[in-house]
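A single chain, nothing else alongside it, follows as structure tokens in the form predicted on its own.
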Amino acid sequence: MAATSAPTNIEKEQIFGMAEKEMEYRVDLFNRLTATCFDKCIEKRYKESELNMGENGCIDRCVSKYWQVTNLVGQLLGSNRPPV
């Protein structure tokens, strides 16, 4: 059985740096998704304190499409294939 060694300080820093970048990416993605779907689905002048059914449906569709596109772009970038 091969002995596994503990990560070095440099490896720990690299892992921590990658985790930080991933967190920054996720926060940015969430902020862009929120802003995009809010601008698209919510009326500029609020009439009610809660979302109406049309706004709820719009947000559901917007978030779903945003994730689908984000996943598709990620897959295309990861595979190095030209877009279909």
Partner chain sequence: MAASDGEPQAATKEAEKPKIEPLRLPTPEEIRGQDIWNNCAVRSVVSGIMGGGLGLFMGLFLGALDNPLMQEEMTAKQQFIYTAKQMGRRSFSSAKTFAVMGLIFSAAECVVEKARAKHDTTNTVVAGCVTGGAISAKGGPKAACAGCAGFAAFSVLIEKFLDRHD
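Quick caveat: nothing in here was measured; it's all calculated off a predicted structure. Numbering follows the first chain given and starts at 1.
Omitted from view is the form predicted in complex with the partner chain, to which the following refers.
- A residue is said to contact a partner when one of its heavy atoms sits within 4.5 Å of a partner heavy atom; residue 28 fails this definition for the partner chain in the predicted complex, lying far away.
- Taking non-hydrogen atoms only, residue 12 never approaches the partner chain to within 4.5 angstroms in the predicted complex.
- Contact between residue 39 and the partner chain in the predicted complex is not found at the 4.5 Å heavy atom cutoff.
- The partner chain in the predicted complex is approached by residue 53, whose closest heavy atom lies within 4.5 angstroms of it.
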